[in-house]
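As structure tokens, one chain now follows by itself in the form predicted alone.
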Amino acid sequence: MSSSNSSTVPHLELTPAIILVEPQLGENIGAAARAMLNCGLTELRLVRPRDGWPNPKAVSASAGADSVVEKAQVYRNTRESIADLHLVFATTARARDMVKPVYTPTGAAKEIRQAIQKNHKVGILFGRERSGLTNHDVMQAQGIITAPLNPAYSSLNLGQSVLLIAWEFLKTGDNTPEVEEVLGDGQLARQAQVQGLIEHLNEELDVASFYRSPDQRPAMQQNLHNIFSRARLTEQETKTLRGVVARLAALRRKISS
């Protein structure tokens, strides 16, 4: 199966295989493929898709993740789909009467990352849209993944389920800082520059008799200091604000005269 609109898959490290057991709708397979590629996963395995394979609806629903859909492998049963894997996880929202470790998505992602670093092949089973995985499917896995969702409503569609697990795996190898200062071409102002702005403003406020009583002055100056400290001003912003203060002071003097 080929397409001139196939997206390009970048060279990636070994990642877990996503295994959809008896998926019903091509659209859901496409949504799962889209979620996979969002998180850098490219190996899709299908066990007896209900509407047959290939399915053009899967390609259109993948929204550009054509390459994942096109390379999907089809298997006759779950056992065959996991035969070459070292470690298998089964996703389920229902309690199972089985003695197996139950992981949160975060915990499973860490375990999967560790296994992959040892060059072990890992797969994650996702069940049918209506009924999920059977006990026979789950018993073939070494671990269970259950997301701690609202217990009164824990149902996810197939694409959401795949995205949830794939995203947690992606995070285990991601070094993006949680907060990034975006300063453009500017530099963060040094504290001496910020302090100079505050002193300049306070001088002009004193001249303008802004403080109605001496008792107000310390508290209000502290408030002003806190405002500018929280702002994380750039050098250019500090210069601009000093220019504003100077201009307003000049206008006040002109009016007074």
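Throughout, we count residues from 1 along the sequence that is shown. Everything numeric here is computed off the predicted structure, so don't read it as measured data.
The same protein also has a form predicted together with another copy of the chain, omitted here; what follows describes it.
Taken together, the three residues 40, 65 and 102 all come within 4.5 Å of another copy of the chain in the model of the complex, as judged by their closest heavy atom. Proximity to another copy of the chain in the model of the complex, taken as heavy atoms within 4.5 Å, picks out 159-167 from the listed stretches 131-139, 114-122, 71-79, 159-167.
Proximity of residue 154 to another copy of the chain in the model of the complex: non-hydrogen atoms within 4.5 Å are present. At a distance threshold of 4.5 angstroms between non-hydrogen atoms, residue 174 is in contact with another copy of the chain in the model of the complex.
A residue is said to contact a partner when one of its heavy atoms sits within 4.5 Å of a partner heavy atom; residue 22 fails this definition for another copy of the chain in the model of the complex, lying far away.
At least one heavy atom of residue 234 is located within 4.5 Å of another copy of the chain in the model of the complex.
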